[in-house]
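Let's start with one chain on its own, the form predicted alone, as structure tokens.
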Amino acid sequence: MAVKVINPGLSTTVQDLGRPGYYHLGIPLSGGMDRFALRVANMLVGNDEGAAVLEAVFMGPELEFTAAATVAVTGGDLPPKVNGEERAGWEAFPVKAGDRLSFGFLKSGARAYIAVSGGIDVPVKLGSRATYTLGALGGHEGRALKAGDELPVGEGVQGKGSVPEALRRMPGSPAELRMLPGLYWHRITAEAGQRFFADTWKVAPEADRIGYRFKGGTALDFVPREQPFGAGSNPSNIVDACYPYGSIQVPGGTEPIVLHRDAVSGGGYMMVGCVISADMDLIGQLQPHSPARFVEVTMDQALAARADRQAALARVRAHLGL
């Protein structure tokens, strides 16, 4: 079976749960920006939770199926349509050979996940089918989809079920992004740190798979220092260091940037902290101009949030009888 791409949408890529283990070589994790939604889409169609799906940003693609399959669309509220007839999101539905899947206008969120029973069966590269466009690695020819592409689909089973809104996870307004202050927190004044958490920020237009920039808050005040050997003269510069996923840079002290799935692995900007793993999915669903606040947490709270996230997935599995 194959899926034919009639219209690729704005930016649609093949993604799974990513390729861990290569970040020290400069190859990022990649994979779905909203891993919760990706996993649930696969659950609904009977796939392994880490199977490859399509991640659509802001606008959905138009796809044609060459054989019968089960489809589910999760994540942002991007209404799916089969031959023009609307279907529910977060719910498995059948398609037949010759059917066309299209989408209405985005109502909320930023990214939708389109799972097909059997999974998108593109070649595995470094242990993953995820697309890393900057490195032209993985996915379909290492790039976003184009009209005329044909995507192979593996052998699958018939999925079923739906996930009620109470079991879904999307950001609030303002979104609350929990973070651990980082190794360089001491570089800003105590007053600047208090303002950083008190301010409401807004997502800037520069928001993609590499990182999300935030604007509208108060510029940071830095503690005076002597310029270190090997660092730039701006007080936000440091001697090059490694960047964890979720790192929050503030170049020049003005606009925080949260590094995401396709981020570079190191550089010369200090990091005020790191968004916890449990909240990285939420960032992937924020549209430009969405309000957000950074919330300070402890390591114990971060670990508890990670456990809560795993429990949320377990509740979905139980609901679907998996």
Partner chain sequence: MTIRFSFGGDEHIFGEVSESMSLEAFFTSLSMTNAVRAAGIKGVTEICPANASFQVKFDPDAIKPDDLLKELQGMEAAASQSDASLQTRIIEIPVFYQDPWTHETLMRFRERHQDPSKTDLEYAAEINGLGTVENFIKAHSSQPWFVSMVGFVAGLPFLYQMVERERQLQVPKYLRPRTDTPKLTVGHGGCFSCIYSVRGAGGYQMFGVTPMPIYDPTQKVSYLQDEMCLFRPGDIVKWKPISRDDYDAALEAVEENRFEPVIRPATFSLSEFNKDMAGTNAKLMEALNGR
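Numbering follows the first chain given and starts at 1. All figures in this text were calculated on a predicted structure; none of them were measured in a lab.
There is another form of the same protein, the form predicted in complex with its partner chain; it is not shown, and what comes next is about it.
Original post:
Should the three residues G21, L25 and Y184 be counted as contacting its partner chain in the model of the complex, with contact defined as a heavy atom within 4.5 Å for each?
Top reply: Yes.
Subject >> Segment assignment from 87 to 95, 109 to 117, 184 to 192, 159 to 167: heavy atom within 4.5 Å of its partner chain in the model of the complex >> reply: After filtering at 4.5 Å, what remains is 184 to 192.
**OP:** Find the only residue in A175, A144, V82, L137 having a heavy atom within 4.5 Å of its partner chain in the model of the complex.
**Re:** The option sitting close enough to the partner is L137.
Original post:
Looking at V223, A204, A198, A241, which has any heavy atom no more than 4.5 Å from its partner chain in the model of the complex?
Top reply: Exactly one listed residue reaches within 4.5 Å, namely A241.
**OP:** Report whether the minimum heavy atom distance between F229 and its partner chain in the model of the complex is within 4.5 Å.
**Re:** Heavy-atom contact with its partner chain at 4.5 Å: present for F229.
Original post:
Could you tell me if Y132 has a non-hydrogen atom within 4.5 Å of its partner chain in the model of the complex?
Top reply: Yes, contact at 4.5 Å.
Original post:
With the partner left out of view, is L29 within 4.5 angstroms of its partner chain in the model of the complex by any non-hydrogen atom?
Top reply: The answer is yes: L29 has a heavy atom within 4.5 Å of its partner chain.
**OP:** Give a yes or no for G268: in the model of the complex, does one of its heavy atoms lie within 4.5 Å of a heavy atom belonging to its partner chain?
**Re:** Flag for G268 set to yes.
Original post:
For the stretch 274 to 313, which residues lie within 4.5 Å of its partner chain in the model of the complex by non-hydrogen atom distance?
Top reply: Residues within 4.5 Å: C274, I276, S277, M299, A302, L303, R306, Q310.
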